[in-house]
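Presented below, as structure tokens, is a lone chain in the form predicted on its own.
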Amino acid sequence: MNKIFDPKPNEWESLLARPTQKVGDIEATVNAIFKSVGQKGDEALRSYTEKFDGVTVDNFQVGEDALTGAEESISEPLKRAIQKAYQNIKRFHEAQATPVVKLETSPGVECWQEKRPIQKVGLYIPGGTAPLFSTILMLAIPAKIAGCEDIVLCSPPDKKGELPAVVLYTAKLCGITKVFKVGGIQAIAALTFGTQSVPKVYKIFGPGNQYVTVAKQLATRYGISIDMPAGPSELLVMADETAEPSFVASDLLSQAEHGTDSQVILVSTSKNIIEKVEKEVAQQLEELPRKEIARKAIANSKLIFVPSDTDAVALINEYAPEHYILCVKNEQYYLDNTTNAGSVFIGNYTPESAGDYASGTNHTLPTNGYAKQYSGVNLDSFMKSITFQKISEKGILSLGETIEIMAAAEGLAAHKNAVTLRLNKLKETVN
């Protein structure tokens, strides 16, 4: 692992760079696939599924029988675990609902804000070496709570042209019936344009590899909204002498096993902790079934010593981690000064994997520094706010002159006239 001691602020940008390709390196491929799917629909989906997934899929949509029958292939302990996670995630996201905001801003002027669900949403569920059925819970549950009418789920098929039974079971549990066996760039393109099989949506959700991330960004050029640019997973742990080295190492490896392009970072004010964690990582790595994937990700990792809490907080906010684990004595100082993070995990007994699966918070989070300006997925992600106003005769009389003066100052005579006509009408009525 790469150890860095007391880096200077002017070195942080290069030190904290993610091991990802630039958009320009991928964009040509994404553009070509988007163009093909937009023109050829399902025909293009079949071609790219054969090319990238190595399988021929005749019918992309999963039938009702397959969704219902998947339960038979799931063990009872796994069902109970998924159901418990479902309940925790559901409770936490239901609690995020907010009431209507209504106010009389001036006498006779009522303004209010209400939230409405986004009608059509697409959920992208990564597959590949680790099908993330937990992501279905994270996306489908708030979509259902929000009241989205059309929820479309896409996930890449396995070598048999099917989706794992646990993916189908979880989708069924969440009430998702439109499930499609298509992944990668072509899935994002299908949700963007619509094909003979896959419906077009208004907003696309879900994490993915670098190609999926760029595809989602490209979708915005065609009037489609996205949750955030969520790419390869990342984790930063801040630990001092109060941290348990074996726990810290396990957390670093839990993210490293996601993929070879994942990044994990340990920041510490203790050189002793850095040495202990490094040894623990080496020992635990050898026991992992996915150790070759984790080993490559660890090559991108950093162990960073900083001399003070102040330096640590500044560096962490500059990195803006997707996942941020905090195991320090001066816990409140770090929490009070955290401005950039996707999700924060506090204390020795709060592993990041709790948030990944079952504590209740959402694991679809901003990566690659986007935590500086994006939130993780939440209930509001599936809704939009609409403002309303109603002005009485009394209200337009009290506010009218203000509007007229401002409109005239901007040189917008029609705006002023829309108020003047109403005021004159009221004056005629009075007279």
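Note that the structure is predicted; figures quoted are calculated from it, not measured. In case it trips you up, residue 1 is the first one in the sequence shown, and so on.
Here the subject shifts to the form predicted in complex with a further copy of the same chain, a form of this protein not shown in this document.
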**OP:** Classify residue 17 as contacting or not contacting a further copy of the same chain in the predicted complex by the rule of any non-hydrogen atom within 4.5 angstroms, answering yes or no.
**Re:** no
Subject >> Contact flag, residue 244 vs a further copy of the same chain in the predicted complex, heavy atom cut 4.5 Å >> reply: yes
Subject >> Heavy atom of residue 302 within 4.5 Å of a further copy of the same chain in the predicted complex >> reply: no
Original post:
Using 4.5 Å between non-hydrogen atoms, is residue 307 touching a further copy of the same chain in the predicted complex?
Top reply: no
Original post:
Pick from 269-277, 154-162, 176-184, 347-355: which stretch has non-hydrogen atoms within 4.5 Å of a further copy of the same chain in the predicted complex?
Top reply: 347-355
Subject >> Heavy atom contacts to a further copy of the same chain in the predicted complex at 4.5 Å, residues of 227-259 in sequence order >> reply: 244, 246, 247, 250, 251, 253, 254, 257, 258
